[in-house]
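What follows is a single chain, given as structure tokens, in the form predicted on its own.
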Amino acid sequence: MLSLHKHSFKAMGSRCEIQFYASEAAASGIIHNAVARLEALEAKYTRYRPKSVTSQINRAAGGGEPVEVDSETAGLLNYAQVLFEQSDGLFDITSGILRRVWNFRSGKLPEAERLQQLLPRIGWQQVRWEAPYFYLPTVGMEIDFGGFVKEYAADQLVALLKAEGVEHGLVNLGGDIAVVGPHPDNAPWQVGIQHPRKQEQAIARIPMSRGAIATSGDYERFMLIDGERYCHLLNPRNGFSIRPQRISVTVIADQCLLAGSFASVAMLKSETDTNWLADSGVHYLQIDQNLSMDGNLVN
């Protein structure tokens, strides 16, 4: 007999939860394998551990020798290149180095001189990438998979759950959600969309039976200075916080990796192009500065 199992834990700096229907005998093994897979991905791609792939690549920057990567990492690097190209350079995994001058808890803007010193180390167009060899040509350059590895991990956990025989379940990694399948009675999961200006409150609920849903917004990390909001979404060309016309973008796609990427790029582009998602073919919901919603998910 199948029963609903829920397991909450913390990984990749986020609250995570998996829910699924399985027998009592199988549940603990499924949870163990799912958590182990997520921990392995975190250990492999975090920039906080010296043995991670990310740290190995960053340590080799400017040293003259490329780093050989495995096929999984090559796939992620290829995806990073696609994101860079499709976003006109706004989604750039070499821009994570800007965290050194942006402290959103400080209530202070970065010093202009320090920010300018970092800009020459940013730019995917500078990297040398010919699989399986990757190289950052300048000392101090870094890559950071944090912009999409959590979404990739959500897809990986869905694949693992399906391989374990799970047909009904949901993976939630810090709000990046991928669905295994609906409840056993075919009822959808009700996914709440974070209100961009009220913590712990949903502004909308969307039924999900398959695929994935992800949201990007200016509320995740930010600081207010003289009434001006500076969010964590940074323009890699000038290093400054963007001024998005959308304050939240939610996207539904077949994979969480795609949903999260579309949402992030739409936020980055909304500074100058508020209709980028309209021709993308995905289902989406956007919220503007007046908390008005639009998109093909709005009834």
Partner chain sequence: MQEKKSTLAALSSAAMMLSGLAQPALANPPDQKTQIAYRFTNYSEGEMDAKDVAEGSLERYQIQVHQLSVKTPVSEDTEISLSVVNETMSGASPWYVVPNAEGEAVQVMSGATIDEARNELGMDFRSYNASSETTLSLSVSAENDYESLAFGYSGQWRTLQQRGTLSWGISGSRDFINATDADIYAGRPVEEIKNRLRGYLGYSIVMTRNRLFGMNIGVTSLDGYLSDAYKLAWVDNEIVRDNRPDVQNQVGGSLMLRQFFPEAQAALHTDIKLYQNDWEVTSESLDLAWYQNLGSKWQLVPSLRYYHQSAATFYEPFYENRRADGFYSSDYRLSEFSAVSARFKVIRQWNTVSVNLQYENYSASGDHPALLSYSAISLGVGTSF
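Here the structure is a predicted model, which means the values were calculated and not measured. Residue numbers count along the first chain shown, from 1.
The same protein also has a form predicted in complex with the partner chain, omitted here; what follows describes it.
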*Among 109, 119, 159, 187, which has any heavy atom within 4.5 Å of the partner chain in the predicted bound form?*
159
*Identify, from the list 23, 280, 14, 289, the residue with a heavy atom within 4.5 Å of the partner chain in the predicted bound form.*
280
*Where, among 223-231, 179-187, 70-78, 92-100, do residues come within 4.5 Å of the partner chain in the predicted bound form by heavy atom distance?*
70-78
*Is the partner chain in the predicted bound form near all of 27, 39 and 142, within 4.5 Å of a heavy atom of each?*
no
_Heavy atom of residue 202 within 4.5 Å of the partner chain in the predicted bound form_ = no
*Non-hydrogen atom contact residue 257 with the partner chain in the predicted bound form at 4.5 angstroms*: yes
_Would you classify residue 152 as touching the partner chain in the predicted bound form, given a 4.5 Å non-hydrogen atom cut-off?_
yes
*So in the predicted bound form, does residue 193 come within 4.5 Å of the partner chain, heavy atom to heavy atom?*
no
*Quick one: name the residues from 77-110 with any non-hydrogen atom within 4.5 angstroms of the partner chain in the predicted bound form.*
79, 82, 83, 86
